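Laid out below as structure tokens are two forms of one and the same protein chain, each shown alone and named structure 1 and structure 2.
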Structure 1
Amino acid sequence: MLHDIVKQFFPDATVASIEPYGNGHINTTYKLALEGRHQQYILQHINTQVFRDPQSIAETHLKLQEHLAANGQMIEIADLIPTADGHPLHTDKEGAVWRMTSFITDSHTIEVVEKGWQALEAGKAFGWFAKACSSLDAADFPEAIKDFHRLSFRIGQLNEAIAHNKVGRYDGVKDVIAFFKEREGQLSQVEAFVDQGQIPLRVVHNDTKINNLLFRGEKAVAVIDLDTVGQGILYFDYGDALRTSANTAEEDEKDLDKVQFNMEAFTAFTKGYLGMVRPILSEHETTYFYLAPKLMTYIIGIRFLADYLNGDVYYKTKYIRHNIDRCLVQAKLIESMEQHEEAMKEIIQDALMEVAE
């Protein structure tokens, strides 16, 4: 079957090899080599249960591809390869949707930030992406997953889960709920600023895990996994990158003493990211950047909490308290951020001043 799909993109080519690739949890990915060609490719089956409008995703990719090619690329993105009849996607007889992109050679991913240069390079790469997209009109880029990072939507989901208490878990997590409710007002201010137009909507990546970058040696060379690119704010990318890369423990670590906010990683990423985006920042954006890691950690924390209250219907779990363990890690990370808040503000200000000088 895979060979038949390949023929839709390369009707005259012969497959040399095609094998599963990567460790993504949403789309199914294969690495493709063709006889007589040095260039290799990535073939993906798009999960339309998650990405319900794959055509829109393809159109976003093509807009980015055209825009970046016209403006020069410090960092690569993969090229979308059209089908033989010129379409960006192929839908097979069963209704499955397929995409072909170029493979970025001689590159590798990093799963965990272990050294300062990794955080610095990640900051530069994701900051470059934001700056490169800053001249695009966010209104032309729909959200790939509606309200994905919208705090009020996630709070609404949590409130609904609390009200329904479907599986009777509420009494066991009252203190956890109280922890997040205490911080709801402060973080909701960020969304208010966005709705008032004081913090601008931009074209952002929306999924800035370190493994969505490709490296050669000690340099980040490509931004990948563009399916979530769309409207958002810079805080989404900056904050989520730090939520994942500056956590000293696993996302479901049971020993909360191991969970800390890594200030070395924070400092390096901040220097790299703000060094890129400073020329495009508004005054309100610079003022509240310190809240971005806390905001994104809060959002994923209440998503884990709501899913636990609902009976673990969204996230895959390995044991009964898996989601609440994940939630508690996010809560501990928030506490660590709060302990470092003044230092975070100073580091952000220093990074902005360093760029401005």
Structure 2
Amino acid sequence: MLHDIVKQFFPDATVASIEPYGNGHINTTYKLALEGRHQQYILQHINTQVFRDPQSIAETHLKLQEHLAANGQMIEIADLIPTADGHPLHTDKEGAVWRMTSFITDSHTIEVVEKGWQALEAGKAFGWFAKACSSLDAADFPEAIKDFHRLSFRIGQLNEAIAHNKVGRYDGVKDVIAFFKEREGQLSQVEAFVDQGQIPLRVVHNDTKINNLLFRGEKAVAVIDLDTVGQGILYFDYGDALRTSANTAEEDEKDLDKVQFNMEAFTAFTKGYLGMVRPILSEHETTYFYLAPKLMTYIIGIRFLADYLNGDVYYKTKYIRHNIDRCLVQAKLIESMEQHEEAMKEIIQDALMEVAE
């Protein structure tokens, strides 16, 4: 079956190997090797429950490819490989949608940042991506998923999940819900600030977790998982990247004692990121940078919680409590960030001064 899909893209090639690959939570990903070719490929079954308009994400990919190639490309993105008859995606007889991209040669992902250089490289790479996209018009890049990082929308989804209590898990997570409810007010300020137009809408990545970045040796070389690229604000990318890059443990670590917000990684990432984006920042845009990691960790935390309450219908899970384990890690990270809030503000200020000098 997978071989038939490959034929749509490479009719004359013979498959040498095709294996499930990576740790994505949304699409189904395979690494593909063809006989007689050094170049390898990534074949993905697109999750069309999540991405309702796959053609538009393919168009975004092609627009980005063109734009970044014209921007002295420091960081790569994978090439979208069309089908043999020239379509950017293949839809099979069952209606499943498939995408082929080039495998970034000799690359690997990191799940947990263990060294300062990894965080610095990640900051520079995502910062470069933001800067390179800053000349694009956000109006040409609608969100792939509406209100993807809108806090009030995500809170609404959580409230619905609580009200329906579809699979009877509510009683077991009342304390976790209370933890998130206590913090709603403070974080809502950021959304109001955005709605008042105080900070610009840009073209951003919208899913900058650390395993959406590829390393080769000690260099970050490619930004991947471009499905969510579209309108958003820099806080989304800076915050979501730190949620994972400055977590001392895995996103689903069961031993919460191992989960801390890693200030060394935070500092290195911040220097790398702000060093890149400083020239494009507008007057008010720096105001809430320090809250961005907490905002994004909160948003993803309540999305895991809502999915747990809904019976695990959105994220891929490996066992029954997987989503709640992920959620508890986000809560622990938020507590740890709160302890470091003043230091985070100072480090951001210092990084901004450093690059301004």
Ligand code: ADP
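When a residue number appears, read it as a position in the sequence of structure 1, where counting begins at 1. Everything numeric here is computed off the predicted structure, so don't read it as measured data. The term rigid core refers to the maximal set of C-alpha atoms that superpose within 1.5 Å between the two forms.
Name the structure that is the form predicted alone; the other one isn't. Between the two, the form predicted alone is shown as structure 1, not structure 2.
So, does A84 move by 2 Å or more at the CA between structure 1 and structure 2, with the core held fixed? No, the C-alpha position differs by under 2 Å between structure 1 and structure 2.
Establish whether a shift of 2 Å or more occurs at the C-alpha of I299 between structure 1 and structure 2, with the two forms superposed on the rigid core. I299: C-alpha displaced by 2 Å or more between structure 1 and structure 2.
D255: Cα shift of 2 Å or greater between structure 1 and structure 2 (core-aligned): Indeed, D255 is displaced by 2 Å or more.
Cα displacement of T317 between structure 1 and structure 2, once the rigid core is superposed (Å): Looking at the C-alpha of T317 between structure 1 and structure 2, the offset is 7.8 Å.
Per-residue CA shift, E342 (Å; core superposed between structure 1 and structure 2): After core superposition, the C-alpha of E342 moves 3.3 Å between structure 1 and structure 2.
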